[in-house]
Ligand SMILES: Cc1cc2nc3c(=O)[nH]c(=O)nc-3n(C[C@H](O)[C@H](O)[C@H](O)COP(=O)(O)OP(=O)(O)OC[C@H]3O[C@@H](n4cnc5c(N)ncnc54)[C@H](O)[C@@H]3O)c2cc1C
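One chain comes next, on its own, written out as structure tokens in the form predicted alone.
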Amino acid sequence: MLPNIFHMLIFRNCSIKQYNTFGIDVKASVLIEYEHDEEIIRFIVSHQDKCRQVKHLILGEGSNLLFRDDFYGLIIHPVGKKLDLVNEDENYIYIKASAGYIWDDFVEDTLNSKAFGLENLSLIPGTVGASAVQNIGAYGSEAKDFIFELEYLDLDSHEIKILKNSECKFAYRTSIFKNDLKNKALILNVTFKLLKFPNINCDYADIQKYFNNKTNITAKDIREAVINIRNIKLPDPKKFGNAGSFFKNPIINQEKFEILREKHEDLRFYSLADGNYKLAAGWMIDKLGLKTFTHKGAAVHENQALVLINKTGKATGKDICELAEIIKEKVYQNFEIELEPEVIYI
């Protein structure tokens, strides 16, 4: 570890095993961990020529990444935990949080502040900044439903810019930061527009089953339910390295849906407002008998087929990629559906 005038932590040629939830033991050329925006902005501006020359990666909790090899470049890792109430009106509270804020801590803190809406997104691993990049979602909610605007550093011009929700190009598990602004922006803060009065969302089947016709459900009840459901379905990354759902649930049109439904009467799906259908990728993998299927120390989780795990703790990123390709091929052979990873390959 090298000291520096900005009071940041700078590591060189360091293992990043603890910085990714798959627990892949690879190295990074340089990793910078910072708490205050001013620190990283000053560093990037003062080293702009070098920063432009090297590959870089913005890393939150590493909960949606799969490292296939050592990272020859600069990893920027925000760890700041700052929360500000920036505005409110009769119905809404506007809360700004730093990008490095651990997502589930943020959800808990907003509920404790009587700001509602994020409870269905409880226990999702990652950070506030990553929530906007990925447009995280679960149990009938998505981050885009509550993000008001965000502030980011343009890594080319070094200007601090603000994007409104409508400019972020949010879609299913994606945003402008995974496309047009990929590797061009460092998210600094995200402002959320949250409800002053809870609007309970328990339409999702697993949540309905959990409450079993219970009435007078509160937002904190929803949070507790989501946490319990996730803990049952998803493995603890400290026990088995994983990145949660590995594949996106594929979206198909009505024609394709009717063909599949004719072949598979028990097809798991969700009807979308635009007339398309979202299929349950985990159901397809499970239908093929692939739960517990193992490949070079990587495996399909026994309780949730959508989750791939580093079962032995020694599987490499390439091993997990190979397992994913085997699954993709088998799903395509049987359903003619091309699964797309939700996890980002590095």
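Just count from 1 along the sequence shown to find any residue number. Keep in mind the model is a prediction, meaning the values are calculated, not measured.
The same protein also has a form predicted together with the named molecule, omitted here; what follows describes it.
All of 110, 198 and 202 within 4.5 Å of the named molecule in the predicted complex, heavy atom check: No, the whole trio is out of contact, none within 4.5 Å by any heavy atom.
Contact stretch among 156 to 164, 228 to 236, 248 to 256, 89 to 97 - heavy atom within 4.5 Å of the named molecule in the predicted complex: Of the options, only 228 to 236 has residues within 4.5 Å of the partner.
Interface residue in the predicted complex among 40, 58, 299, 31, criterion: non-hydrogen atom within 4.5 angstroms of the named molecule: If I apply the 4.5 Å criterion carefully, the residue I get is 58.
4.5 angstroms heavy atom contact with the named molecule in the predicted complex for residue 207: Looking in the predicted complex, residue contacts with the named molecule do not include residue 207, since no heavy atom lies within 4.5 Å.
Partner contact for residue 173 in the predicted complex: the named molecule, 4.5 angstroms, heavy atom: Taking the distances in the predicted complex, the answer for residue 173 is yes, it comes within 4.5 Å of the named molecule.
Interface membership of residue 117, the named molecule in the predicted complex, 4.5 Å heavy atom rule: No.
Residue 73, heavy atom within 4.5 angstroms of the named molecule in the predicted complex: Close contact is absent here: in the predicted complex, residue 73 is far from the named molecule, nothing within 4.5 Å, heavy atoms only.
Interface residues of 124 to 145 toward the named molecule, as seen in the predicted complex [heavy atoms, 4.5 Å]: Heavy-atom contacts to the named molecule in the predicted complex: 124, 125, 126, 127, 129, 130, 131, 133, 134, 136, 137, 138.
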